[in-house]
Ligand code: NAD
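Only one chain is shown below, in structure tokens, and it's the form predicted on its own.
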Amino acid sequence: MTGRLDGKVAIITGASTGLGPVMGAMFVREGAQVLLAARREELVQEAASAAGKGAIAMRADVTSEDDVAAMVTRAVEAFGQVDIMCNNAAAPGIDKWVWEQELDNWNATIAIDVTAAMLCSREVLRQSMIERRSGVILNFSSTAGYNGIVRKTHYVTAKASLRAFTKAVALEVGQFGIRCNCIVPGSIDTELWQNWVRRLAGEQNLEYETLRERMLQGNPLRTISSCEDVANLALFLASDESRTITGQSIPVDAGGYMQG
């Protein structure tokens, strides 16, 4: 039985915890060879081992031009090409009211959440995709970039920017048969999200479960996405099943944000 990504090579950034390792394991199961990259080397090595044969790991800081170039070169040397670039690396930054905002917090969030996507996209295009006239670039935004969240001007600005970046890239690379789309999760039931809710609950003198339930009531489906839910969309967009879909931003958030 063939996999949906047989013969494909993928790079997944932000692959030490949360969504990245889940995507890596899913892509390997579907036949891809995968390079998992993150700053925390021990964790990303563990993720690659868990994903199984076909996955390798590398420490890389995606805000560094040299690291990004080396990451793509490693994938090309190991696997011969890059077919799929998943720009999953992200950072929430430090919550601050806009009148308290600090430039270091703002710039660091933009660097990881937006500039890194440009660097990674640029390098896979240069080193593999344009020459082969084939490829898929996936960016990972957030519904926070639609609706806004208080004390997160840095984060919502970064995540909203990714949708515009996706459109411009799709327009530029379509002539080479390359697609670019943006996945827009709402909340994902990860340790990072759970810790954020716990902190908010503490600030509001509420129990964690009380605030969690209240937040989920805002979704028509009254639930929250798992990493697997988001990874399933990434798998579809990375595969040839979505060959005529490009330039799109697609929410996966239990209906919390409805386009149209």
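What you see is a predicted model, and the numbers here were worked out from it, not measured in a lab. The first residue of the sequence shown is number 1, and the count goes up from there.
The protein also exists as the form predicted in complex with ligand NAD; that form is not presented, and the subsequent description refers to it.
Only one of 72-80, 86-94, 122-130, 167-175 lies within 4.5 Å of ligand NAD in the predicted bound form by heavy atoms, and it is 86-94.
Among R199, R29, R40, R222, the residue placing a heavy atom within 4.5 Å of ligand NAD in the predicted bound form is R40.
The listed set A234, A57, A60, A51 contains one residue whose heavy atoms approach ligand NAD in the predicted bound form to within 4.5 Å, identified as A60. In the predicted bound form, N181 stays away from ligand NAD, with no heavy atom inside 4.5 Å. Proximity of G247 to ligand NAD in the predicted bound form falls outside the 4.5 Å heavy atom cutoff.
T109 falls outside the set of residues with a heavy atom inside 4.5 Å of ligand NAD in the predicted bound form. In the predicted bound form, at least one heavy atom of I188 sits within 4.5 Å of a heavy atom of ligand NAD. If you check ligand NAD in the predicted bound form, you find a heavy atom from every one of G18, S142 and W193 within 4.5 Å. Heavy atoms closer than or equal to 4.5 Å to ligand NAD in the predicted bound form belong, across 156-179, to one residue only: K159.
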